[in-house]
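Only one chain is given next, in structure tokens, and it is the form predicted alone.
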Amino acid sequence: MLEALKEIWIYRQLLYDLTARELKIRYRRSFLGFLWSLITPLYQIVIMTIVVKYIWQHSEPNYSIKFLCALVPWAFFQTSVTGACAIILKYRQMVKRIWMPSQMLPLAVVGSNLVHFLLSMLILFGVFLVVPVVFHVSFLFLIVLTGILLLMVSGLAMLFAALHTAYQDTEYIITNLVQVFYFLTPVMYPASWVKNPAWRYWYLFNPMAAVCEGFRGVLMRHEVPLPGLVMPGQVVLPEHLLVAAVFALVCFAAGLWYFALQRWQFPEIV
């Protein structure tokens, strides 16, 4: 596992090249290209705003912006985890014919989706200029939340890529589980809609709930879930963030360990 971790640093240029290749392949012969990474969240916001405000008739203030704040990190999580499953099979000829640190393949999927995530954040900040939302020093805490999310996603991407290479039902299972998980995470609804305070407290120990609601709290309410900085009525608390950070570290270690254990069998399997 330590050798695999060291290879990530040594072969970082390969990671950059594979990430660029993934981006080019995704938008090959596409007229709008990178604009699709911006159009997709925007049309989801329009649809959910119509459903919530005009069909459900729920009077949540600034619902569209709250939804977008949580949708951006969730989209990064969803596309990276599901997209990494089949990546070893996609590059089977490369894996069979040449030696390479194959953990770079799922990490390249994460890297390409990280680019989309950053572009979406730029769109979000652009929306804030129009709304307007006050820019605040607490926005710097997004770096911490993004680091936790990136670590979690990278570990799960390596884990599921290795599992899917051996057991090709994995992608279908993960895709369905992520869809269920979406409704158990405060993305299309804020955590404040969970009215029971005790239920809401335990509900936010879901690591992605802490991350998504953490983004919403930082961007909309300038809340930073660190000891000594907790505001009255704050939703995401330091213990929620700590659990999310530990879970992210465990995911990364488990994903790297399992991938390093299995990667020597990939040329024979594929």
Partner chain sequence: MQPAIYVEDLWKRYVLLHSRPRRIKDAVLRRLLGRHSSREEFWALRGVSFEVAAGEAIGIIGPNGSGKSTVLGVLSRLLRPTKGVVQVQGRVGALLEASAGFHPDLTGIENVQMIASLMGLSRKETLARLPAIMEFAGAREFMDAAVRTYSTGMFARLAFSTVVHLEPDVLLLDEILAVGDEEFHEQCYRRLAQMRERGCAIVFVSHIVEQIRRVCQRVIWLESGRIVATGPTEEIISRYTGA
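Residue numbers count along the first chain shown, from 1. Every value quoted in this text rests on a predicted model; they were computed, and no experiment measured them.
One more form of this protein exists, namely the form predicted in complex with the partner chain; it is left out here, but the text below deals with it.
In the model of the complex, the partner chain sits within 4.5 Å of a heavy atom belonging to residue 91. Using a 4.5 angstroms threshold between heavy atoms, residue 191 stays clear of the partner chain in the model of the complex. At a distance threshold of 4.5 angstroms between non-hydrogen atoms, residue 269 is in contact with the partner chain in the model of the complex. The closest non-hydrogen atom of residue 168 lies within 4.5 Å of the partner chain in the model of the complex.
Of the candidate stretches 114 to 122, 176 to 184, 134 to 142, 98 to 106, only 98 to 106 has residues whose heavy atoms lie within 4.5 Å of the partner chain in the model of the complex.
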